[in-house]
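Just one chain follows, in the form predicted alone, and it is written as structure tokens.
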């Protein structure tokens, strides 16, 4: 079967990454985590103690790669765990708003798709990065569902969590993502909207595979 590009866009904590990894695994595609790329830029800034201006001047020195085991490499160093630090998490939203950084990362993302056979999730993949993709999913879930998932995830990892605080953070993130000037989160006309509020992970994955099989014949 001909290789294609599958894009999964949607708001924060809607389970895109988990689902995208499993879809890629089932189809023997490569998974590209676009959010991890912004985290890599944030980590590069922190590790090199750069101002935003210095970061922009050095942006093309940043090389990001992914392997088939979902590891993330920044200039050939495995940073899969480092990019999930609290310091990076606090900085990444600021990084993602900068148009020059977004433009550079979009060019990298498009280079990954030249051979197709990838699954990529994010906010602007179907609208900006791969508007020509045949399979576009807009994955959503209610704020309450997403907050509950994030709350349980934190507890399962032995961390403290405040449900109401998580709810408020998700609402703010949604507003910021949908109202930013550069590449706001939108549902493109040819995307299939998939509300996962009452679906298991397996059900979501199977539905996306079903959509893929219908679109790619």
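What we label the rigid core is the largest C-alpha set whose atoms superpose within 1.5 Å from one form to the other. Numbering follows the first chain given and starts at 1. Given the structure is predicted, the values throughout are model-derived calculations rather than measurements.
Omitted from view is the form predicted together with ligand CDP, to which the following refers.
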- Determine whether any heavy atom of residue 12 comes within 4.5 Å of a heavy atom of ligand CDP in the model of the complex, and answer yes or no. yes
- Item | Contact test in the model of the complex: residue 93 vs ligand CDP, heavy atoms, 4.5 Å | yes
- Item | Partner contact for residue 45 in the model of the complex: ligand CDP, 4.5 angstroms, heavy atom | no
- Within a 4.5 Å heavy atom cut-off, is residue 134 in contact with ligand CDP in the model of the complex? no
- With ligand CDP left out of view, choose which of 187, 26, 173, 149 has a non-hydrogen atom within 4.5 angstroms of it in the model of the complex. 173
- Heavy atom within 4.5 Å of ligand CDP in the model of the complex: which of 116, 100, 84, 71 fits that? Just give me the one. 84
- Tell me the stretch among 54-62, 158-166, 173-181, 188-196 that has any heavy atom within 4.5 angstroms of ligand CDP in the model of the complex. 173-181
- Can you name the residues of 37-59 that have a non-hydrogen atom within 4.5 angstroms of ligand CDP in the model of the complex? 38, 39
- Query: With both forms fit on the core, has residue 191 moved 2 Å or more by CA between the shown form and the other one?
  - Reply: no
- With both forms fitted on the core, give yes or no for whether the Cα of residue 169 moves by 2 angstroms or more between the shown form and the other one. yes
